[in-house]
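Here we start with a single chain on its own, the form predicted on its own, put down as structure tokens.
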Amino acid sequence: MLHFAMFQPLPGFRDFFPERCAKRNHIFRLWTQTARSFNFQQYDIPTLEPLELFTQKSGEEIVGQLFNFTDKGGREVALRPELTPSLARMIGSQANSLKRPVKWFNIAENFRYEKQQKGRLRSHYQLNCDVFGEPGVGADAEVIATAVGCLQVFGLSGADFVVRLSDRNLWLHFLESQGKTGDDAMAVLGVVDKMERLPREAVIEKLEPLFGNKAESFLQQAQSLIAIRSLDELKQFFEGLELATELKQTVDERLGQWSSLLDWLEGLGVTDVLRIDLGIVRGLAYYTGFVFEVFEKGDDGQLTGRALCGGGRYDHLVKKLGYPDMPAVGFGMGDVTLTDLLESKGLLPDFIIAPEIYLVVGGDHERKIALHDAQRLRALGYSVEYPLKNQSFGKQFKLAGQSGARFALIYGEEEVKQHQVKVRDLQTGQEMPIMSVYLVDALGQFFAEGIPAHEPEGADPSKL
């Protein structure tokens, strides 16, 4: 006895049936619309890249998170887990010829072999928007405003999300004042990145190898820095530290850049969803300056712990890959958590996948005329459907009603003899015969205004 397997998608991957695909494409469409409104230009990259491209950026430890293999040419390759390394490769290869600033965006599928959890799958789609070649805070502001716009376009507001803005530079300056630089400073930031998800005892345990018996004292200072919510408080915090003259000057310059960035963001109208929050450091080592993450809010106004997007400065990545140095800032926004949020808020429409016009056809002779009209209408942008086999008029009218089409075009023997098409409004039942030569013009008017209650003499749409 034969047994046939019932195949399912691989763990962490999704099927997109037409209704779900329509919702996904709606998200893509509004993302694209927003990115283009900020004059980002679309690009694309290969799905498969050299494995070394990702290990060069993130270290060998990332291999455990990748779908990687040796191809038939003996090359070590991987499905892309993110777009940034590939983008840096592209930008770097043309660095000397690109007009700056470079503002590019992409929507693509990414792959990570990791534990599945709510909002995190092994395959997801992500919007990336990046600016290259501009070191000033205007580029940071542009990226943050674009991210906010890509959420607001769906009807989301400050009641639904908050942008948590932070700065790795200030963290490194603070850690330098505590005697931690280089790898030690990066190790501390790695702990800070996990602080929200760990109990206090576990955080202290991770800090003790770096601070010894001063781990508790450092944690208290770090928590004071994380609790700051205004630029004035930031200034007061650093004024309270004992800083060497050169470090104090560096900190003052950085706080001046903070002031400038906040002015840009105020001008762009996004400060109502913005929060200074040094609890965000972005764990990846390649970030170099301002960083941010956008978090979902619950109905009580508190953060849910679910990030909708994140990004920041990564000024040295292009150079790290062997190309000319070029400053960069960008963000990524995934479709999984955003879709969950939009559905929970009732902001993701239910799409009716339907033709605009359904053809009801008599015999073989009438079918030739109908198919000719179908192609004319499709060339003009209409969606047209018809049965693919001979059926009774009753069955076809039933199918036309079920299809969701607005109008049925009826090609019976009498209509074709008189060079006419009968147009029926499937919402109201109103009908009108139209001379075939006037069909296109009549349909344009009918879609805009409906079929008139009374047929004009000659059924000439120029007289409607």
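Counting begins at 1, following the sequence as shown. What you see is a predicted model, and the numbers here were worked out from it, not measured in a lab.
Below, we refer to the form predicted together with a further copy of the same chain, which is not included among the displayed structures.
Interface residue among W104, F154, F237, Y286, judged by heavy atoms within 4.5 Å of a further copy of the same chain in the predicted complex: W104.
Exactly one listed residue, out of Y386, Y314, F331, F161, brings a non-hydrogen atom to within 4.5 Å of a further copy of the same chain in the predicted complex: Y386. In plain terms, the part of the chain that comes close to a further copy of the same chain in the predicted complex, with a heavy atom within 4.5 Å, is 126-134 out of 197-205, 211-219, 296-304, 126-134. Taking non-hydrogen atoms only, E253 never approaches a further copy of the same chain to within 4.5 angstroms in the predicted complex. Contact between R75 and a further copy of the same chain in the predicted complex is found at the 4.5 Å heavy atom cutoff. In the predicted complex, P50 approaches a further copy of the same chain with a heavy atom inside 4.5 Å. Of the heavy atoms in L79, some are within 4.5 Å of a further copy of the same chain in the predicted complex. Candidate site formed by G59, I228 and Q257: none of these residues places a non-hydrogen atom within 4.5 angstroms of a further copy of the same chain in the predicted complex.
Scanning 353-391 for heavy atoms within 4.5 Å of a further copy of the same chain in the predicted complex gives I353, A354, P355, R367, K368, L371, H372, Q375, R378, Y382, S383, V384, E385, Y386, P387, L388, K389 in sequence order.
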